[in-house]
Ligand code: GLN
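First, one chain by itself: the form predicted on its own, in structure tokens.
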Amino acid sequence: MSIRTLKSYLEDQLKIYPDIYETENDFNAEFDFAIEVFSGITKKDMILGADISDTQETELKEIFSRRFRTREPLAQILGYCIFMGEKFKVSKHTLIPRPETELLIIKAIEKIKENDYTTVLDIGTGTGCIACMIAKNTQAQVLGLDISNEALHVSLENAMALELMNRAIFRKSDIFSSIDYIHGEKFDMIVSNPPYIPKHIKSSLQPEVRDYEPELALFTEDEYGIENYEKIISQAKNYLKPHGYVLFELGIDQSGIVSDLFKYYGFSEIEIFKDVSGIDRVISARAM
């Protein structure tokens, strides 16, 4: 079967499930990714009219049928996603890396290069995508922390696949619990995309997020979703080298509260960066 014929077939099936994708481009992106993962056929090959085998056709129909019926994220069905041009393994124990997190990484890389930093701590590493992409694009060694053993297995596999062993390393830790700052284990920078969704709004989320991604990596118990920011900021100076930076990804409407927390705990040079949608998405601050 040609890829074009398969896509037309799936588009007809999708009419039964009109609420899955916000735009046609969302389906197109998932379709292109599934084709590439299964067959190695690139978007250019698709445009030129490449075909897939009968076995691949059957498997892809089954995959998209499952996606449409259950709303399970395609990345979890396939076990992989593409993030910043790299292929990352994902599982039910890790968040699926999203484009919003790219801005956090970009800003971290800029500050690492500006200051010749060599040590970075990534709190709540999940798939290891932040740790790996910082290590890949700088000379810094990044230590990724996570409380989940299953997530740490995934992050290690991703670092190995990207040939980043000894550049992106991982350790089990509940925030700072395994870091020995008393004996000098300190870092130039701390980065984190912490859980920041208040649990009381869980029912309003899309099924792909609400029903399939790990609660431990998503939700907070407090009303505004800022408890993990305060846990990190309140202790961060113990784990930073002099004048080190802290950078966070933010949830919607959290920039003001997190900025105030930085001020309260004695940080300066606070900067807020907007994503492509104009939302305050990343905040950085420097220890005085």
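Each residue number is its position in the shown sequence, starting from 1. As the structure is a computational prediction, the values presented were derived from the model and not from experiment.
Heads up, the form predicted in complex with the named molecule isn't pictured, but that's what we're talking about next.
Within 4.5 Å of the named molecule in the model of the complex, a heavy atom is found for all three of T101, T125 and C129. Only one of I175, A217, I109, V209 comes within 4.5 Å of the named molecule in the model of the complex through a heavy atom, and that residue is A217. With the partner omitted from this view, the residue of M84, L95, L78, I147 that lies near the named molecule in the model of the complex is L95 [heavy atom within 4.5 Å]. Proximity of P195 to the named molecule in the model of the complex falls within the 4.5 Å heavy atom cutoff.
With the partner left out here, the named molecule still marks one of 186-194, 159-167, 135-143, 112-120 in the model of the complex; by a 4.5 Å heavy atom cut-off that stretch is 186-194.
If you take 55-71 and check each residue for a heavy atom within 4.5 Å of the named molecule in the model of the complex, you get nothing at all.
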